[in-house]
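Below sits a lone chain in structure tokens, taken as the form predicted on its own.
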Amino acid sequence: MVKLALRNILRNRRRSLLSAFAIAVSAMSIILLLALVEGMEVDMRTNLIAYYTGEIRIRSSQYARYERYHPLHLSLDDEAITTVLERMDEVAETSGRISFPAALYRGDRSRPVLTMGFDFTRETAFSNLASILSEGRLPHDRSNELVMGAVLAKGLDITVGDRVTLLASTAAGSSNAMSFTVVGIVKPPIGSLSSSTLYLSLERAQHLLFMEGRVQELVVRSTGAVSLPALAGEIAALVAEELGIETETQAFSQLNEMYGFLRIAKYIYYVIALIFFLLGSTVIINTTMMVIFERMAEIGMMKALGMDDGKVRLLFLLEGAFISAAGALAGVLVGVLITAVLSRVGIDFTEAMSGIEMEVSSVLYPSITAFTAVAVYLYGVAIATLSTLIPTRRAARIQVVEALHYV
């Protein structure tokens, strides 16, 4: 039966190629779509951990209620909480951070900015700003130095070595100003960070804001031994038990709705994949129906020679399966090849994402896993093959006397 099915496929090459091409286009489209979503998910996860929340973020339990005001008085004792976390085997790294709005002055020009106070030594496990430096170096502790985003620096015509002044509200509710030297320019992957953010040492931020020894939040990187939500719960319970402090401790996936939507989107795209493959399968159905009418005499002859309905159905099912397998394989391979190229050169969404506040890089790098590629292939073959059951039932019901009329 296999040899006969292959011979019939090769005998009608044009139709076979048309059917295979439809399945190939469907498979390729789904691979590229899933690669883009996978790339966005990986990119957002990386950015959230690096620049926003770490794998787990610890804040005062009251902070979320007043977050829009950047309540610096709702701070945490960096050293005390870090000491507790260092005793936990599941915690790999911790780092304290402060983020606050400020007014940046240079000469007679001013600009509202978001300022981040980082401990650059501890931050290497998270954001490692040294890797995105385009000019200069990182600030030193106890030195009035900062680095700023490339887009912000360009907009204000600031270069390495220039002096700027920051004016900010302190934790005590007063105002304080300090002058800083720009010692570096960074290019964060996220456009909004590049256009509005400054980075200075945590010690200098604490000095400016009258927050010595205090931080706004601590971020945590785990060893991966337990799930992040479970570890967040353990941390909150331990800090409350040992320090008597109620905190809001959550995993990054719990803090960002868009990340959750992206993960759900992957399952939605599998449904879309079903629709794509069903549309592609209509070509196989139509082609198989045409072949059945053209091969009436042949079907009648095979039945006259003793081939039962089941074998006739199997013959056409095998033909559909071979065409589907070849088409899906070609589509998956082309899709993976295109993804491999795009994963190196990236897709630039800078213009499309301008003005959009989203934790996704301006340049996305699609990615696909071997599991996803194999799943799409098997998915495509299964759906396209099963779709041939519709016309094969028609072939199996043909009577010998009816078929011999076409001789």
Partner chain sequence: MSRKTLFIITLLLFFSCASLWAITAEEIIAAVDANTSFASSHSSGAIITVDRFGEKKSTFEAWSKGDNTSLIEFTSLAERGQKILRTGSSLYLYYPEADQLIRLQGAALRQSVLGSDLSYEDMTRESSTLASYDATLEGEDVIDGIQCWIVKLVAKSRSSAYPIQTLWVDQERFVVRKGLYATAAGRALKEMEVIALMEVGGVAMAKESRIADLLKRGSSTTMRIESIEIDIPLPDALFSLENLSW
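Numbering follows the first chain given and starts at 1. Computed from a predicted model, the values in this text were never measured in an experiment.
The same protein also exists as the form predicted in complex with its partner chain; that form is not shown, yet it is the one meant from here on.
Residues of just one listed stretch (205-213, 229-237, 132-140, 113-121) have heavy atoms within 4.5 Å of its partner chain in the predicted bound form: 205-213. At the 4.5 Å threshold, heavy atoms of D89 stay clear of its partner chain in the predicted bound form, well away from it. Although the partner is absent from this view, M178 contacts its partner chain in the predicted bound form, with a non-hydrogen atom inside 4.5 angstroms. In the predicted bound form, its partner chain sits within 4.5 Å of a heavy atom of G107.
Though the partner is left out of this view, A80 does not reach within 4.5 Å of its partner chain in the predicted bound form, counting heavy atoms only.
If you take 162-189 and check each residue for a heavy atom within 4.5 Å of its partner chain in the predicted bound form, you get R163, T165, L167, A172, G173, S174, S175, N176, A177, M178, S179, in sequence order.
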